[in-house]
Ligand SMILES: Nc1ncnc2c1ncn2[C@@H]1O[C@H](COP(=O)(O)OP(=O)(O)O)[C@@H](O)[C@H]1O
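The chain that follows stands alone, in the form predicted alone, written as structure tokens.
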């Protein structure tokens, strides 16, 4: 079972349209900025045209006996100055609002992506690297920010000048205009050629970028392992190898764009020279005035500048496209597990659970759970035992909808859990995972994830029940103490007790303990078992068993083998049957006995029980 994903081969145009589509919440301002850019392009087009007219008036006056007065020039000069002043003011206002729009949308896009990824199920996150997800968010949003900003600041006007105003030069002098259009088209063809040559290359570059981030993130997240196994030099070499691979992929792209930059500079010089030579020849033939030559020299300078801006923008879009494809691919991922249409809020459930012929497969070939059926009455404690891969965790994952069954159904209080909203279902279920998964925040903040509005008394009670009060009180700042990433500043037992306190603070009617005591030493485990027994009274509790001490007091034990329940009953009943459970128990007791026996005359230093589950 996987998640629906967008195609990573999204076309260049489709990527650009998606980027523009992210502006939809502020479409009105975006339209105003586009119109302002069109007006700005028109004003900048009028400036060289008016200047050419002024030159023509001055040159005409030289060959005339009639003196030239200021009144003859004032309208043209005033219009020229007016358009220039308008261009300055409009540029400032466009830049100001473009900045604000781009910053707002960048943060909004990041927030939307963050919300979306948090809502994707654990089956997605089990295969998605957190470093890659973070990179996609930061680089995707950052790339869109840069494109929005440059588009509204200058490139919208550039495209308007190239595709609207350049053809308008035909009305001034069609011969010079045709030359301009041919030269611009030639440069556009060169740019298109470069784009096509480098598109696949840049996709490869981004793949190497993601690999580099993923490797660095893995290493930084496992520094203790790297140091203890003396792998610092090896990891450093591997990272340098990833950097070398990235550079090897990047250099051909840079070479192509260096060639495009040279072509851009050459085109500017050739265009000016071509306009001057053709204009001079046309003037000698009486087909172009000096003012028109001056105007087209200015047109050429402006349009080549605009063309370079447009090419730079297309280049930036092209360079960012692979990053944004990855961003949109994640954003387009649709979870297989989602609220049904018409799903209702569960409210506060009582906690009677039933599995009815439930089957599930991860890959559609081998069934991880097959025809599982059992009931758990309100307040019962059900233990699940079995070898690694027997289906225990998958079964309880189906209960809190990490995934949905392919056949059968899971029922709570008589209602199919798929008819309840995900959020309300999970409010009613507390899960203590084998890995505590704490945040780099204060202990208080970590606990309040279970209940944000919890009182100090409720927090103190949860810590007491989880046998965590004593070690928290010993900390310099108590519950206000900030712990390190993943709680590494605490011992394994301390982390697990905080995770248990967090779940108890949530006060749900259904509790799941997924080998929750596996990180605790024997003494701490004995302490916490009594606390858990008291804390789970009045709740329906499911326990994936790791040690026999966990399952001995369960109301019922379900023994899993190859995805099926092969035995069910209380501890004494299952031992008396002499079946699979009795065999597992005997093996554990034998392992404990052998661990406690002296070896070669040495005294025993501890008792190491064999787990029932991996």
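Positions refer to the first chain, counted from 1. On a predicted model such as this, the values are computed, not experimentally measured, just so you know.
There is also a form predicted together with this ligand; it is not shown, and the following applies to it.
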Check: Any chance residue 388 has a heavy atom within 4.5 Å of this ligand in the predicted bound form?
Finding: yes
Checklist line | 4.5 angstroms heavy atom contact with this ligand in the predicted bound form for residue 368 | finding: yes
Item checked: Contact flag, residue 392 vs this ligand in the predicted bound form, heavy atom cut 4.5 Å -> yes
Check: Should residue 174 be classed as touching this ligand in the predicted bound form when contacts are defined as heavy atoms within 4.5 Å?
Finding: no
Check: When this ligand is placed as it is in the predicted bound form, which of 94 to 102, 256 to 264, 176 to 184, 360 to 368 ends up with heavy atoms within 4.5 Å of it?
Finding: 360 to 368
